[in-house]
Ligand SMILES: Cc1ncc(COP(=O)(O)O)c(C=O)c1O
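Below you'll find only one chain, the form predicted alone, shown as structure tokens.
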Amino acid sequence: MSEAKQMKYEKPDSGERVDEGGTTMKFRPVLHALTANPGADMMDYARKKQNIITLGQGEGDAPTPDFICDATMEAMKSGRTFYGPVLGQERLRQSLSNYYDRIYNLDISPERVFVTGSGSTAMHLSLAALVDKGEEVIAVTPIWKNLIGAIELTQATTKQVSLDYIDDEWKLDLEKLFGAVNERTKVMLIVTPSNPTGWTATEDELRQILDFARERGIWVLSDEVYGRLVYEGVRAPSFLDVAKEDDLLLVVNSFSKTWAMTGWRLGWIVGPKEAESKIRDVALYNKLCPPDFIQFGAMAALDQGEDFLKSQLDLWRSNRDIVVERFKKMGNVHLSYPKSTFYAFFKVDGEEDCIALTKRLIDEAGVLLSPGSAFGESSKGYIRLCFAVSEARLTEALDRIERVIAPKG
């Protein structure tokens, strides 16, 4: 056996792998060390089946409104198909500044707003700018698996601190969160409102977290993608409500959920002015710039999208109550009453293996949900259901689910 062939078997962790044809492939070891994504695996499993109702992804079934599409198409027709500024058009950055003034009553200058090619990209750019190999990110869980994967790609370590489920409510133990910090901690990652639990931090909790981080020179990375998806009031509390302009704070957001633009892939970051050049440096070598014409649709969403959002929230509020009532009648399902987001995160008595249960629901009910193990170490017995669909679609899915999980007899 040649020396080269010996090496590829003697050093299995070097990143070298052999394909079916015997060719040695060299990839970064970190790619082989990525933890499994049960949610993505379950979607792959369901694709092989027929007549599946999909409630496993975080999106509704309403198409993007015409006024957004029309503004985008007009921009394309007028020639806005070339490279644009790395951190977005000045007009969109100003529109986002105006949006924060109008909806949040906050003075956020355009220089603090960085437009990105999706909320996921915003998270990747933020982490790439903040953490390095050997450093640590504390993540409050349950949390969307893709955020954990983004941390893993930086080769930083993730320390999970779970919300507590007490009296059918998800709650954050600040002492537990603060006690997890050590000398290697560089970032605290908070998703509020939370995907998948619907937990939302209070303004006092946000203030305490930011005060703690400020005293220790730790960055706070806040995912506020669901900040407008609340059923009381206009929006959820934001870290920006309690922050100073120069705080070590990056707030990630997206156009996806609020205005039915999941496939458009456009997001933004709000940070200190001093972060602009660093985020630009990372973005320049990532995607260069967000698509120019899509940004005109985004401006239309910001300026004209409130009525559409209200109609969506009315549907989701009604759907939430349908889900809660149906599960309550079954008697063996436990979940908190969602006050934000469009998810029901539930647990069924006697069903501790959420992977097995999710597969059963695909095989026996024809319904795709997301297993709780996709959201962290502490949520392995849970299932996530997205109710941002038509009432008819949701009712059919619940009928099918009930036939599988409701107590027999």
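Just count from 1 along the sequence shown to find any residue number. This one's a predicted model, so the numbers in the text were calculated from it and none came from an experiment.
What comes next is about the form predicted together with the named molecule, which does not appear here.
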- Item | the named molecule in the predicted bound form: contacting segment from 240-248, 326-334, 200-208, 256-264, heavy atom within 4.5 Å | 256-264
- Would you kindly say which of Ser118, Thr154, Thr185, Gln160 lies with a heavy atom within 4.5 Å of the named molecule in the predicted bound form? Ser118
- Item | Option touching the named molecule, based on a heavy atom within 4.5 Å in the predicted bound form, out of Leu92, Val191, Leu127, Val137 | Val191
- Decide whether Leu87 counts as a contact residue for the named molecule in the predicted bound form under a heavy atom distance cut-off of 4.5 Å. no
- If you check in the predicted bound form, is Leu147 within 4.5 Å of the named molecule, heavy atoms only? yes
- Exercise: Val225 in contact with the named molecule in the predicted bound form, heavy atom 4.5 Å: yes
- Query: Might Thr72 be said to contact the named molecule in the predicted bound form, defining contact as any heavy atom within 4.5 Å?
  - Reply: no
